[in-house]
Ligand SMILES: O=C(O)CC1=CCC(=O)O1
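In structure tokens, one chain follows: the form predicted alone.
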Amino acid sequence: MRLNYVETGPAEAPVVLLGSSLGADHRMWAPQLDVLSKRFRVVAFDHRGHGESEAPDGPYTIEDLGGDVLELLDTLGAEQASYVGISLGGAVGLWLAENAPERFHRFAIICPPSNPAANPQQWTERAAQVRAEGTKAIADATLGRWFLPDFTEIAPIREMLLACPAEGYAACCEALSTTNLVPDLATITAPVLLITADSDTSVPPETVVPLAAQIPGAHLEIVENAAHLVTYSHPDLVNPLLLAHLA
């Protein structure tokens, strides 16, 4: 599977992968690129079915999405990397931490759905709606969950959500509908930073906070007055956390 990616920073620096939210692509990491690329070889990629990555027919699985990232590491010629992921990208990060620990130094996992299979109907119904009507059908509701009302700089995010291929979005919903990463959290050995937002209604903080006790040595940060896409709305708070952890 060919994943589209954008690479910034020194070629000889340690590699940091950035995995995006469901419906978004690598451009959502714009608030992090300048800061991280001063110290790291930063690779922001599009999940399969998103952005300019290939979009085969679904359904997909979390194993598919995680396997794509491992193939990307091989393409980059990188034996190891650190990984930062939010939302869907956070779930992929947990899968990688559980299943490919030898390929990663450390993880920053932001607002991750750790057991979306607990409510599979939510995801299969959304998949059906997007296949029938496109992402425009869920755009307003999604943006309402991603940002608080006082954050108004959402036009670029709306644009990438509307541009997301319907099949890719739907197939990733189906991947989430069968994903439960909780049973193997205790096997994670890499250092993990968990970040949640106190007003996240997509992945409520009460579902993220317990993960810190289940992942050995994990460090938890709660960003106040923020919703789901906290990396985009609050880079002034998130970027220092990422730098400190990745360094």
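None of these values were measured; they are calculated from a predicted model. When you see a residue number, it is the position in the sequence shown, counting from 1.
The same protein has a further form, the form predicted together with the ligand, not shown here; the description that follows concerns it.
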query	finding
Contact residue in the model of the complex, chosen from T61, S202, S37, T189 - any heavy atom within 4.5 Å of the ligand	S202
Contact residue in the model of the complex, chosen from C164, L176, A170, L96 - any heavy atom within 4.5 Å of the ligand	L176
Proximity of T231 to the ligand in the model of the complex, heavy atoms at 4.5 Å	no
The ligand contact at R145 in the model of the complex, heavy atom, 4.5 Å	yes
Partner contact for W123 in the model of the complex: the ligand, 4.5 angstroms, heavy atom	yes
4.5 Å heavy atom contact, L17 and the ligand in the model of the complex	no
Answer range among 151-159, 128-136, 69-77, 84-92 for contact with the ligand, defined in the model of the complex as heavy atoms within 4.5 Å	84-92
Residues of stretch 1-30 in contact with the ligand in the model of the complex (4.5 Å, non-hydrogen atom)	S21, L22
